Ligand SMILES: NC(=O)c1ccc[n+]([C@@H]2O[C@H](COP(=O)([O-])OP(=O)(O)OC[C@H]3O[C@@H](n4cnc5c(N)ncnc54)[C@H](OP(=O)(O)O)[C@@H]3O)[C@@H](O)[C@H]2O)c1
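Single chain ahead, written as structure tokens, the form predicted on its own.
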Amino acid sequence: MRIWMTGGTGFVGSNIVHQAVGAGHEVLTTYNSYRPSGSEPYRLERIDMTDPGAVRRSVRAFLPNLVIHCAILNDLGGLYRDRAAAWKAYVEATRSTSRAAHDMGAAYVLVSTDWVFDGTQAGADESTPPNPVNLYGVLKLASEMVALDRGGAVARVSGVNGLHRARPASPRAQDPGYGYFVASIVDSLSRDRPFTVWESDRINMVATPSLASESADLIMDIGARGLEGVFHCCGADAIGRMDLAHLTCEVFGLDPDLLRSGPPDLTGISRIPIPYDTTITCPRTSELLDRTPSPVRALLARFLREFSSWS
């Protein structure tokens, strides 16, 4: 299979590339600010995702069977500072990539987020109407609608943790969501440094964690089957931040006495609403892919194996 994708040097995208190349597929991924310096077993192409002509030419030249749109403008505060640029980076980029896939007869998957929900819709499934509370969620929801209107698939991920396959040595930092949360704990506690778990009703306190490599497996399966509609690529369990921190210590063999509790650092985003409870479920995804979501302990154990084989 030939896979053209965006954001393959990012966190989730690098895991999709890793799984695809490992399965023997040919991959071309676009990149923006970061390009791996080594000799990679896939093609890299720098493209302005807000330029529809550039996107169309690249897709036509590669002749893909599958297009996966994973790239985002990863700057929550920056989205508000330049809303026009944010709309282009999210919605118009989705429009360009989905149109190019449609014109080539390729399957299309947009990677989206649990932040399309408002933080009060606990246990939302694939059919639950979204209700985002911040601009990131709005942009993702608008992008979903574009993708679905062209017969594509939307793969929502949640609380993604795991290895960054393109930059595995880069340190991770806690943020108001769940992304990188486990890696940031492991980075600190493995060096015997205390770690303060953020706790506040102003941040994402409860989620359904996923593992980047397992989400990549699911996204690849959705694309390979040419499925349409909304999918939730998540684990099985809802869990709070401190409980996830303690479970991480248990699975990774780290000292839980180094855990602390404290308020979050919301510098630059203090006025931006964050959904509190973004827990989701995946009945449609499980049925169509014939897969059972993994418990959070199993996800952490798989992350430990990946982390150990890398280190």
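Quick caveat, the model's predicted, so the values are computed rather than measured. All residue numbers are counted from 1 along the displayed sequence.
Below, we turn to the form predicted together with this ligand, even though it does not appear here.
Peer 1: Does any part of Tyr180 reach within 4.5 Å of this ligand in the predicted bound form? Heavy atoms only, please.
Peer 2: The answer is yes: Tyr180 has a heavy atom within 4.5 Å of this ligand.
Peer 1: Using a 4.5 angstroms cut-off on non-hydrogen atoms, would Ile47 count as touching this ligand in the predicted bound form?
Peer 2: Although this ligand is absent here, Ile47 would touch it in the predicted bound form, with heavy atoms inside 4.5 Å.
Peer 1: I'd like to check something about Thr267: if you look in the predicted bound form, is any of its heavy atoms closer than or equal to 4.5 Å to a heavy atom of this ligand?
Peer 2: Contact with this ligand, no.
Peer 1: Can you check whether Gly159 is within 4.5 Å of this ligand in the predicted bound form, heavy atom basis?
Peer 2: Although this ligand is absent here, Gly159 would touch it in the predicted bound form, with heavy atoms inside 4.5 Å.
Peer 1: Any idea which of 183 to 191, 97 to 105, 72 to 80, 224 to 232 reaches within 4.5 Å of this ligand in the predicted bound form, heavy atoms considered?
Peer 2: Of the stretches listed, the one contacting the partner is 72 to 80.
Peer 1: With this ligand left out of view, which of Asn32, Thr279, Asn65, Ser58 would have a heavy atom within 4.5 Å of it in the predicted bound form?
Peer 2: Only one listed residue qualifies here, and that residue is Asn32.
Peer 1: In the predicted bound form, do Gly119, Thr208 and Arg297 all put a heavy atom within 4.5 Å of this ligand?
Peer 2: Zero of three within 4.5 Å in the predicted bound form.
Peer 1: Taking heavy atoms and a 4.5 Å limit, what residues of 108 to 141 are near this ligand in the predicted bound form?
Peer 2: Contacts from 108 to 141: Val111, Ser112, Thr113, Asp114, Tyr136, Lys140.
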